[in-house]
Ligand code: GLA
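This document starts with one chain, in the form predicted on its own, laid out as structure tokens.
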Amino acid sequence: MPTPQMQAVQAVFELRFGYAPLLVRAPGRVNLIGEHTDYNGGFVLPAAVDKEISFAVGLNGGSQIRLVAHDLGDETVELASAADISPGPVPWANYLLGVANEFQWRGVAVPGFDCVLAGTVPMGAGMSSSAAVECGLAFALNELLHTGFDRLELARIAQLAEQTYAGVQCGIMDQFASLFGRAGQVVRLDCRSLDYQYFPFDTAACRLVLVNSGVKHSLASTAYNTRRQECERGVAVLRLHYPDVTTLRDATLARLAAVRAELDDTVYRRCAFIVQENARVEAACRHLEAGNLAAFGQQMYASHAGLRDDYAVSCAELDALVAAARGLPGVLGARMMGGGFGGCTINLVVPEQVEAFITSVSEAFEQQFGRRPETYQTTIVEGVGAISN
């Protein structure tokens, strides 16, 4: 059954273009644990959530490409044909144009199409609104053009669209989570092999609540590159002694200890965090199989401590939010989520305590920083798919 947002998008499409579209929903995502492990060949544990982008898409029988952002006042971008596709001055449109361009790179003749979209994925909250935009259109074009790409290829298309048209050198986790999400399950993704496995997450027993620090990731890009370089320096030293080490995925704490004299303290701590974070993802999955959400939450707290102390990508606001959450009734775990230096914390909260949690954390944050944070309640849902009228 279409949501009110989907119905609005459909109505705008039919009024504007005069024919019935394909309706597609594309969810945002959260990452429960496994931070900065992706570019080190490690494990992540994301899930698709019920903040999503709604699409109405159709082939118009001509060559024109018409894109309409309904929640931006029906802002419109029009191209005479697919031959005119190139990055332009309208940021949201570039995600879509990049997807169409990737289809062309794969030898697909992209005819004229129309697209109306709107979303409930909060911008800048770390729920990957851009990946949802890319994945939704990729899915729709795949259906309409009968190109037969599987979901992994659609994820690659969406990832490349972001890299080439939005200029963000992202990994594949966000797009993968949007396309491969399952209701009531999280997916452990091996970022080296792209193998994946689902694990149960009892959405009736626990809610995922995000609390936005309101701090923009102003340091994230520079620090992100620095962290990558520090990890690479550690790998280079390890490889001198252990030739099988190609990424920190192959490292162990024992191996790091053996070469510690050759590593400066900062590089050692960065590498140790990655090794420990991969182990936490593995442990968290075992806890989910056992139905032990309390033990899962402890892995989240440990992850945050490592991100704060060893990887040094937290900030005062994120630390305050995690500290405020710890010990509250019904809060099983909390940590910063994403690249760091801002963004959201992700919190595991039993349903009957969600409102009290939001009140308590918001008041503590306001007392310390003079403003109330935005909060988002989410649940785990299916990945990208078509909606019946």
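All residue numbers refer to positions in the sequence shown, first residue = 1. The structure displayed is predicted, hence computed values, not measured ones.
Just so it is clear, the following notes concern the form predicted together with ligand GLA, a form of the same protein that is not shown.
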Contact stretch among 59-67, 31-39, 326-334, 345-353 - heavy atom within 4.5 Å of ligand GLA in the predicted bound form: 31-39
Residue among I172, A166, A82, V121 with a heavy atom within 4.5 Å of ligand GLA in the predicted bound form: I172
Quick check on Y224: any heavy atom within 4.5 Å of ligand GLA in the predicted bound form? yes
Considering only 323-349, what residues come within 4.5 Å of ligand GLA in the predicted bound form, judged by heavy atoms? G338, G339
